[in-house]
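Just the one chain here, laid out as structure tokens, in the form predicted alone.
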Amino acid sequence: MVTRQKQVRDLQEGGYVMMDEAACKITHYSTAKPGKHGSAKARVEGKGVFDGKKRSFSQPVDAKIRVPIIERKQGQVINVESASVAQVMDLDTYETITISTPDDADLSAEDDIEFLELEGQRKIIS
């Protein structure tokens, strides 16, 4: 998995972080003040980018955490195979890929879309 290390204090809401070996988008970030004998702690809550599961963790703010490098790509719908599957051409590499579509997406041929990609996992975001 393509990741880089970052300190917990550098995370922000809306960013990405690895939780339980899954890429998650941070939905809530809060810190607690340092106590008499300890360092400040951060609580991070997130939602899985590809599976939608909610996850959270609590760690010292100076701890290192892995952050996934998620690519945002442009594509064009070539064919809508069913209500849940579409063939999309990546506009950078001209590669044709099959992606499952979100339930609320109303796609048709030749629509321009944006999708996220991380190690073969893909998700349409618009």
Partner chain sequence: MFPGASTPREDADYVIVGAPLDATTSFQPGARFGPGRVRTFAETFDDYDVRTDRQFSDLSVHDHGDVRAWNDVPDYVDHLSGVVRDVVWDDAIPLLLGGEHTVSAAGVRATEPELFVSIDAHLDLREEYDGDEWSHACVTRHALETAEEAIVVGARTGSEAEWERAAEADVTVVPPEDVGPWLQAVVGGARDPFSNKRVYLSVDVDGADPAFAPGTGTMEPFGLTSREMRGVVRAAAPHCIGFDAVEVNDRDDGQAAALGGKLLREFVYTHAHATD
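Numbering follows the first chain given and starts at 1. Everything quoted here is computed from the prediction, not taken from an experiment.
If you look for the form predicted in complex with its partner chain, you will not find it shown, but the lines that follow are about it.
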| item | value |
| --- | --- |
| Contact test in the model of the complex: Ser56 vs its partner chain, heavy atoms, 4.5 Å | yes |
| Its partner chain contact at Met89 in the model of the complex, heavy atom, 4.5 Å | no |
| Pro60 within 4.5 Å of its partner chain in the model of the complex, heavy atoms | no |
| 4.5 Å heavy atom contact, Arg66 to its partner chain in the model of the complex | no |
| Asn79, Gln74, Thr98, Thr31 - the one with a heavy atom within 4.5 Å of its partner chain in the model of the complex | Thr31 |
| Residues of stretch 40 to 55 in contact with its partner chain in the model of the complex (4.5 Å, non-hydrogen atom) | Lys41, Arg43, Glu45, Lys54, Arg55 |
